[in-house]
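In structure tokens, the next block holds one chain alone, the form predicted alone.
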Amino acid sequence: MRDVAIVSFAQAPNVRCETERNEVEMLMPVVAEALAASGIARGEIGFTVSGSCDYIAGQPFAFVSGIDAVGPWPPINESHVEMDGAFALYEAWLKIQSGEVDSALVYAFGKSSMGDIAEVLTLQLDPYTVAPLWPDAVSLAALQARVALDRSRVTERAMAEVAARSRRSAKANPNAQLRGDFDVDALLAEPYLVAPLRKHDCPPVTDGAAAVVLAAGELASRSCARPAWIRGIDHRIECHSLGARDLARSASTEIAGEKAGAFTGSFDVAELHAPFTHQELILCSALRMAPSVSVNPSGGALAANAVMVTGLIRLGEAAARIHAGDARRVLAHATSGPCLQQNLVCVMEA
């Protein structure tokens, strides 16, 4: 196995609605910042891969326009996944492992504000028995939360505490969308949005973009004073049918965590892609998270949730802690699909 590291990370400020710029205009400064921080010239990047969703952009092959932010001439070695950028990073990691390239640029973008994102995500459901009922993403998350509550896996107070902590942590993150101090009792006094979820249990609608640069071996050491070396990475997917899996736990996260080495050694920081409060509690249980671990110090998806970008940001935020010297060993997680259907776990070390 080749030693591969995240050597740079950049993201656009997460906002409720980006009205002045299109996706390419959002991406260009982010890509430029990531490349500049990596010290690797644009023409020397061996592979470029992106993550986005045509349904969110509202047009077919929307990712093609995104390449304009990179500069595809002279021709580049490029790929795309119709998923969160974290899964594009996994493809880039495999490409480097193959020995074909020594570096990769990974970027993701999403403007969730352009439509009803909760309904757009319905299109990823089983097209025969579930999608025709048109359940939105928040309603499905509420079903999962109800299962977890009924099985005593979570409590409403613990969920409110997650929301309060996440948005308090986001005060230190200049790119976060929601931040501030919240009283847990006051949060619990709020009415339900979709029972048993209240507004604070749900993520904001967000427009955003992010990019990271990966490099192998000696190139990574030359490019970054403190590379975030990927020591383990794995992702697993569960059954498409919601009724065929235990929604109160995340079996795929457990398996991915084991394969990535998350159960050996301790962590300083964990960035978990949990759009809903109860999902963070489920993920912490699946990953056997110790109380000493700082979970989502960036604020996580509850502070900013640009769909197709949030998972990549979790990897970038975790790596940035190593780059800054604030952590030595970190864990990053990304999810895709309804109710934590597919999960990626990445372990990085200084």
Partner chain sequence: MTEIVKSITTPIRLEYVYRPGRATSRFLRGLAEGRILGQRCPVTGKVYVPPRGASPTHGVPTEEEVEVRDTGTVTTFCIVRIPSEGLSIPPPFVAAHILLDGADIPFFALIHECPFDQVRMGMRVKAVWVSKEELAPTFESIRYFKPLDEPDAPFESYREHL
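Numbering follows the first chain given and starts at 1. Just so you know, these numbers come straight off a predicted model, no measurement behind them.
The protein also exists as the form predicted in complex with the partner chain; that form is not presented, and the subsequent description refers to it.
Partner contact region in the predicted complex: 61-69, out of 278-286, 320-328, 294-302, 61-69, criterion any non-hydrogen atom within 4.5 Å of the partner chain. Every residue in the set Glu18, Met28 and Arg42 has a non-hydrogen atom no more than 4.5 Å from the partner chain in the predicted complex.
Of the residues given (Asp150, Glu119, Glu190, Glu100), Glu119 alone sits with a heavy atom within 4.5 Å of the partner chain in the predicted complex.
Exactly one listed residue, out of Ala172, Leu123, Ala158, Ala195, brings a non-hydrogen atom to within 4.5 Å of the partner chain in the predicted complex: Leu123. Using a 4.5 angstroms threshold between heavy atoms, Gly217 stays clear of the partner chain in the predicted complex.
Contact annotation for Ala57: at least one heavy atom lies within 4.5 Å of the partner chain in the predicted complex.
In the predicted complex, none of the heavy atoms of Gln144 sits within 4.5 Å of a heavy atom of the partner chain.
Heavy atoms of Cys339 never reach within 4.5 Å of the partner chain in the predicted complex, leaving it off the interface. Contact annotation for 105-142: residues with any non-hydrogen atom within 4.5 angstroms of the partner chain in the predicted complex are Lys111, Ser113, Met114, Gly115, Asp116, Glu119, Val120, Leu123, Pro127, Tyr128, Pro132, Trp134, listed in sequence order.
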